[in-house]
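Coming up are structure 1 and structure 2: the same protein chain in two forms, each one given alone as structure tokens.
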Structure 1
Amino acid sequence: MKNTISARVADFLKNYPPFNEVDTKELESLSEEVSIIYKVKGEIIFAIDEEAHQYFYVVHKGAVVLTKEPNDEVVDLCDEGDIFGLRPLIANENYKIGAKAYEETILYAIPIIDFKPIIKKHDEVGTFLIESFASNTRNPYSNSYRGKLYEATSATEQNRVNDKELLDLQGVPYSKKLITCSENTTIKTIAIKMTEKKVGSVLVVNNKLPVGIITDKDLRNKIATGLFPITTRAKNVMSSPVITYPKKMTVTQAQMAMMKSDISHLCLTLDGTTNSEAVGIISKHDIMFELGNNPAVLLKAIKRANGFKKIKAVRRRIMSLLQGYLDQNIPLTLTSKIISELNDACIKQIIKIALNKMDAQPPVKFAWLAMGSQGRSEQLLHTDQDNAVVFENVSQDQLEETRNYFLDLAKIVTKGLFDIGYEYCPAEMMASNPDWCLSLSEWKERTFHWITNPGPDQVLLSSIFFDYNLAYGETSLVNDLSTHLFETTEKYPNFFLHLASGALQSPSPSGFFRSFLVEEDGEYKDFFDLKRRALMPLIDGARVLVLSHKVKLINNTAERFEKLAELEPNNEELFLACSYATKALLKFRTKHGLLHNDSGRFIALTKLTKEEKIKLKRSFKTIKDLQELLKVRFKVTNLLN
């Protein structure tokens, strides 16, 4: 029975190989037999040695990680449109690799019995299956076989293929969207085009055949030096002849070719000579991106991304960079600086993309604020998004219209952040919520209200909001708001008392016998809540102390403690200990988060080594000392409850 949903499934499948080779009618009737399966993050789809299901799977939404023994080594990560679990069905054997939902995932399960006739009927489908078996296509995650429907048995039997060997096999990815010009195009036009398209080179073609290439370097060496005027034609400046290669080349070959001719761009043609049509360009940057995770390369990749999906791919590489830093024990201060910088760049790029998607330019200046852990540059892993928008004051009659513009913008941005892995804030503290998308004077009013009426809600709101950091937009708006905050808190010092008592509300990390206190019920029963019991007291404590010292522009908790140590030499030892504890706990959390692909907030105590437990406990002593200091300084005791 063909219906709305099967049509929808067919509509999705037809975009991905090998289904694109199947004709519409057949695809529709295949779709009628599909099951749509929802998998929670971490849920197992099939395990190693499990008997093969009657279905193979296509990822509709989310991602699936394929692993093999020993040690659950990651073999592949399947994204939207990728197929997995087909080989055992054809080979009639049990699963040799395991599959698990890497994110919350929706799968299409396709019955093999209905798919087999299609393989037989369409040669192209069969060819696809054989080709994906035989060729290696690129995959940054593994020593493996992306898009492969059959897992290569020879490789499973071999010991691990190491990365270097793999580069020799990996086909090089090249950009198929060629930016070209003719021999008579003026240099000025070319430079404008290169700027627009954000590329470093333009191919000069004549009848689709490559005749020359102009790169950034040519513009610098031949135009900026005055050798040629900017009105000159391409043919006078271009490097010619072009060095061309066939499109089937590996990363290593491409790298060698560039070294050999000392060039930064390779032109790929149909048959590899200058006498055939140009089909693509490989830049040094493309190669660098393949070669490894390097912050500068990733940063460039983010800035070049023109869609959320591309950023998501880069984000995954940021995570493996982070893993590498932790494995190599690089100091956390440096690690978090780099990762925050990259995270920041992702957010900026998402906002840029969102602005492009809007029909109109922003009506007034605005600033996008990152709040909470992101504002403090302490967000190493994906957690919830907390953000807000402040826009320039407008007249009352334009206020709602202006707000609506920014709400629409924020909806696209928050969706983009969601797409790359930041969950929506469960308390709706997001710029897409009208309460968090305000004009400057509205923000001033609102924060004034919080400071002058510090109930528990207001203190909580302040503690989230006051760590804001400009993520994108107009600096002056943020400075104006900060000045307002400091002036107000100065006039109403009572606020600090409440903020300090809020900081003391976090539950204690350890009990009377110095044992860990764990959660008593709910999803995380018997887990240790690292965030609430250990990190929050430090974060909250640092905030109130720093605000009371009127220190501006330092948001990071560890840095705040370092500043405090400088300001109060008599407490230097404690504050430095706090700074150390913050970093240690953050590192701890990040490690656990990476290990379990979650936020790392809840720790299973049974999985900790003795050394780790001792380390944790040592930080609890520091927390206790800090809380004592807060109590005495802000005279909180007599106010509590």
Structure 2
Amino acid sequence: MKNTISARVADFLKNYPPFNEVDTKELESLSEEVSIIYKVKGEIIFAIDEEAHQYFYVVHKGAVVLTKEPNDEVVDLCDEGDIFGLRPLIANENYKIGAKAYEETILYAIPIIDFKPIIKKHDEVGTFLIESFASNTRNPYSNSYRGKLYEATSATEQNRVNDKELLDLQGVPYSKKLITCSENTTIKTIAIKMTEKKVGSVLVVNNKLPVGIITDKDLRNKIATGLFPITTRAKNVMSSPVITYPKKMTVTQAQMAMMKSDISHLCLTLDGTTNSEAVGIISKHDIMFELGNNPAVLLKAIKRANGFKKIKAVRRRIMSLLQGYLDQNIPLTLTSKIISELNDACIKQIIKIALNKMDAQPPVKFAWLAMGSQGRSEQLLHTDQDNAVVFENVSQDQLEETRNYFLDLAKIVTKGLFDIGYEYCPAEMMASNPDWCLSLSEWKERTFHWITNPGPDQVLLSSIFFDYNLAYGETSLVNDLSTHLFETTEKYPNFFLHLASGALQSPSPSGFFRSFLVEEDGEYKDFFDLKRRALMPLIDGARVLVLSHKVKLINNTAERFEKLAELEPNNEELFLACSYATKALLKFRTKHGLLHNDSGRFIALTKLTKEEKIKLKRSFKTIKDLQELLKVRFKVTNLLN
């Protein structure tokens, strides 16, 4: 009986170098010896100076970060299909760099003793591995570390090695899922196919050999202008002969080829000529995406993504973009807007993909609400999901069937969000929970209950829900719900007293002499909780003040304070200070989150510089002043007592 596990291993490995150079039977035989290893986030795979393992590794799922001394400087981040841990295979000595799971990861451990005969037989495999080892990265064409002999390159020399200067050696990724047609296919059929597949070109083939190509430009210049009717055949419109190249080409080679021939797509074939089978297409967009983390390019990549895995790849580039903005000290207001736009685009695309996975169209109109930090456009890092669904009212006999449809949809969406890096909400405040997937009438009833019965739980739920923002779907449903909320709070102003009281429940950030108050026990003992002690008092305070002023459509905390400064000139100085403190703390949290690959919520005070501690403490006085204003304005002293 066929070993299905080893068959799956072989099926995976054959897609990645150098295994794609290995014969199928050899690869199947090797796969029977492969061990499958699971690592949780942060778990060590091997440490510096550790004795060499009997394996090298391939990332199957997740990611692995490679680090070197001193200070665990990141050498590389290995993604799906990347190889690492080659030193035992090449040099037979202890590891010089460390490896640990960047996130939850599954590895294939390839036994060296079983792989050596393959190296001897296939020169390409040996060459690839030696180049990978020499460059200290899993791919010798890696953008960042290509050509750098780890021990031989000084820091100064490394600084001179600019990523963009080395693009001529970087292998260019290309689409392997070719969209093709025959010479007799009608242009109308081709246009429909291009629209469905979201591609900018179709390759015209004859017996699998490329004979022509039709692009968006051809449709504009030859069909839209009336030069040819839409019923004409591909052979009358296609650009021919096709300009072909071998599949192993670099980014710069691809760029130069496009510039040389003034074309936007390149066809890759087995031997680089039109006499062999086409294996892929490179577009200008692919080149742009590889060249840099331009927001417009990333946005286009998100909209073209047809699977969660592709969105996850873009999300990593968004994090690189965020890191770059922080390094350049770009104002957080601008940074936050750009990153939030890209995050919102990811969510919309995930919902679109999820809708395509459903067996039927939505039975009624609906709106997907982003809540909490996502709703406030303050979720710059990968944190928890907070979301809800509101759908149009239906008759009682259709209610559960309708809800079940949206629950099924929400399960796909929340899984997609999880796959790209957003953890599930521990309290299950997600649209996949029936309590957060309601009709418009049900949401009105639910929020009416919260406002008119403001106990601690109701205030907490209101605090999360009232920052909602439309992520996808029907605007009128959200507007209707917002109108209901403002009308209800106007009738029951006592709600603001309890909301203000809730805003004062966050523990103080500082003790005597403005010393930091840290967690006294638990996993984060002696850490400073930046979210609960510093950010939440500002977020909660801005919310209750803005709601009491009946200000709509402003969810971002810093922007709420700026609006309050306009509305209350006598408190302008305090509110502008609150806005500044919010942005400074959010930037602080984001930097630490990126540095430690976590949410940035808990800060190790021992690792802060003196300057960082001073910046943090400056915000504490502003928080205290804001809380005093809330106590006086909403008269919550008696309630607290």
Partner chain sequence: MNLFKKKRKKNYPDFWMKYEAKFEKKASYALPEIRFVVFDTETTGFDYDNDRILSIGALSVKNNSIHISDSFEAFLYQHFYHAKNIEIHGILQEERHERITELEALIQFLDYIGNSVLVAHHAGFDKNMINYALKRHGMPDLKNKFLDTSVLYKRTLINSPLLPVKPQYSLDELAEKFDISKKDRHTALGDAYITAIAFMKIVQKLKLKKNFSAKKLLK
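Under this definition, the rigid core comprises the largest set of C-alpha atoms superposing within 1.5 Å between the forms. Please note that residue numbering is based on structure 1, beginning with 1 at the start of its sequence. None of the values given here were measured: they were computed from a predicted structure.
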| item | value |
| --- | --- |
| Form predicted in complex with the partner chain - which displayed structure it is | 1 |
| Threshold 2 Å Cα movement between the two structures for residue 487, core superposed | no |
| Residue 341 C-alpha moves between the two structures by 2 Å or more, core aligned | no |
| Rigid core superposition, residue 14 Cα moves 2 angstroms or more between the two structures | yes |
| Backbone CA shift between the two structures, residue 269, after core fitting (angstrom) | 4.3 |
| Core-aligned Cα shift of residue 193 between the two structures, given in Å | 3.4 |
